[in-house]
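Only one chain is included here, represented as structure tokens and corresponding to the form predicted alone.
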């Protein structure tokens, strides 16, 4: 399977096997992290740890994300680690974003973690297994890219984004209403990065290469222009 294919079978996994991963597999994950392509100007750092290094969380292992304290840095982490999330599930592992779990070692540059590990929980069988907003609630167009983006995970499944399609460009904006207003703004930023990765993969599937991704604005006015 490709990462694009995994979009349609991915699930957030919260039940894991007790058997540890082999050191070979863990090293493969570290090597994958070392080769990640991040957004321009960003240089997040990632570390693989066991559950004994964590407070809270579901998974036996985690990828800790460290970066400067900025909105662009959080968007980049969402964008970068969502590719890892899909890759881990493509390897037959389970994975889940853990906004509430934290490393025991306190560091000012810690941002969020992605939990992972072996699991017997099966992948989703079809798009009908997903509970998501209607396309019309998140996008001004109904097309293969929007349909893939609709399946992106987000904090408490709020899908806090609005996609606007125009010729050669997709704008991703924050769109938060109701209960979503009490979710920390940092989580919206990770989510915007996550859906941007899905859009990039879907564009590639359609034969459109992304030329650049431009972040503008701040706070609830932050947006990403995806030019292709």
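Remember, predicted model here, so these are calculated numbers, not experimental data. Residue numbers count along the first chain shown, from 1.
One more form of this protein, predicted in complex with a small molecule, exists but is not displayed; see below.
*Asks:* Of 99, 103, 123, 118, which one comes within 4.5 Å of the small molecule in the predicted complex, counting heavy atoms only?
*Replies:* The option sitting close enough to the partner is 99.
*Asks:* Please run the contact check for residue 46 against the small molecule in the predicted complex: heavy atoms, 4.5 angstroms, yes or no?
*Replies:* Heavy-atom contact with the small molecule at 4.5 Å: absent for residue 46.
*Asks:* Is residue 153 close to the small molecule in the predicted complex, meaning a heavy atom pair under 4.5 Å apart or at it?
*Replies:* Yes, contact at 4.5 Å.
*Asks:* Would you check, heavy atoms only and a 4.5 Å threshold, whether residue 132 touches the small molecule in the predicted complex?
*Replies:* Heavy-atom contact with the small molecule at 4.5 Å: present for residue 132.
*Asks:* Considering only heavy atoms, tell me if residue 11 and the small molecule come within 4.5 Å of each other in the predicted complex.
*Replies:* Heavy-atom contact with the small molecule at 4.5 Å: present for residue 11.
*Asks:* Pick from 48 to 56, 25 to 33, 187 to 195, 162 to 170: which stretch has non-hydrogen atoms within 4.5 Å of the small molecule in the predicted complex?
*Replies:* Only one stretch qualifies here: 187 to 195.
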